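First, one chain by itself in structure tokens, the form predicted on its own.
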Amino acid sequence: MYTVKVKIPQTKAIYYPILIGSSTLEKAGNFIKDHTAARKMFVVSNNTVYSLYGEKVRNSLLQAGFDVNFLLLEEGEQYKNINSLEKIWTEAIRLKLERKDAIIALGGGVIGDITGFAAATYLRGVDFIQVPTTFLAQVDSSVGGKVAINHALGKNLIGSFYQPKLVLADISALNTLSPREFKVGLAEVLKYGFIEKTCGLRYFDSSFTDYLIKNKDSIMAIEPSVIENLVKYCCELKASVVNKDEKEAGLRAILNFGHTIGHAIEKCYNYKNINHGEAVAIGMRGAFFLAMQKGLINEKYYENSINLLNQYEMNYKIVKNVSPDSLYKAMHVDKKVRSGKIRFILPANPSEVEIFNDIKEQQVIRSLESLY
């Protein structure tokens, strides 16, 4: 069992833990009992996750002495909306959930984001626990306290910062993911390779990208010891940034590398037929192209980075019926926009990125045109 600590600002507690291990869902109740005084648990999940882990988590919570209720939401990014949020609020009211009770997110990034926002806003805040079951959620979205829903005009535009009491990541759950779903998380892992130095950590003897190159076969085979290392290090990298900048006043924006274009793609696809990892992978390719246009990186680093994405089969393209102009417009309805200017996180050196808001429209369009 690995433990990564994340600071909790403006509270008496100093940290909340991310617990990472194998076969931990069977003991979820005991872990959770150690980190909340709540006795009533309201668990939000979906049908797929519940069919795999719902009864296991329910029984563990019951054995730990909790009163347990479940709500299952529809699956998919297109359901990360106000309607799903209202379902959680309505069920919480029906259950007479009080401030001393807790809400648990059991699932991937969509479930975690909606449930976290519900926990942050119901009765102005109840205890929130993350139990991520996808690779994306374990390496990224369950960490750092960003909770939100999508709007028809943009992704994650309505939300808050609300830290959980505990994140419990069982890497055994990754064995049930489809190859496509596993690669959603891999895109975020690769992102961390490209921003490692800017995060301010160094864990491996060589760079994280070198580790990813050397261990590709083991990673793709989901070898437990390697995956535990990956989840732990990605959580440490994100925690290092969040501990310095919880609410994205500056440094935390680097975690959006690849996301400026990626979120616009998701919005223009209406959150269908493309997943977050695929959109971010395309966005990273666009960011590298932009950086080369601006002379921030040389051709060799550009080619090495694109080759790494290709080695992990991140060679996705934008569909032709989504135009560069529509993507550019979508980027202006983004929470990273400052004074009407789109902010891009671009590579400047190996494993380092910087934040720019002076990218010309022509450069962005040219970059987008390279992604079809």
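Here the structure is a predicted model, which is why all the values come from computation and not from measurement. The first residue of the sequence shown is number 1, and the count goes up from there.
The form predicted in complex with a small molecule exists for this protein as well; it is not shown, and the discussion that follows is about that form.
Next on the checklist: If the cut-off is 4.5 angstroms on heavy atoms, which of these, 113, 236, 196, 101, is the one near the small molecule in the predicted bound form?
Outcome noted: Flagged contact: 113.
Item to check | Single option in 287, 167, 190, 136 placed near the small molecule in the predicted bound form, where near means a heavy atom within 4.5 Å | outcome: Residue within 4.5 Å of the partner: 136.
Item to check | Which of 226-234, 154-162, 297-305, 197-205 lines the interface with the small molecule in the predicted bound form (heavy atom within 4.5 Å) | outcome: Among the candidates, contact is made by 154-162.
Checklist entry - Taking 4.5 angstroms as the cut-off for heavy atoms, does residue 53 touch the small molecule in the predicted bound form? => result Output for residue 53 is yes: heavy atoms within 4.5 Å of the small molecule.
Checklist entry - Taking heavy atoms and a 4.5 Å cut-off, does residue 240 contact the small molecule in the predicted bound form? => result Judged by the heavy-atom cut-off of 4.5 Å, residue 240 is well away from the small molecule in the predicted bound form.
Next on the checklist: Please determine whether residue 264 contacts the small molecule in the predicted bound form, using a 4.5 Å cut-off between heavy atoms.
Outcome noted: Contact check for residue 264: no, nothing within 4.5 Å of the small molecule in the predicted bound form.
Next on the checklist: Considering non-hydrogen atoms and a 4.5 Å limit, does the small molecule approach residue 121 in the predicted bound form?
Outcome noted: Output for residue 121 is no: heavy atoms all beyond 4.5 Å of the small molecule.
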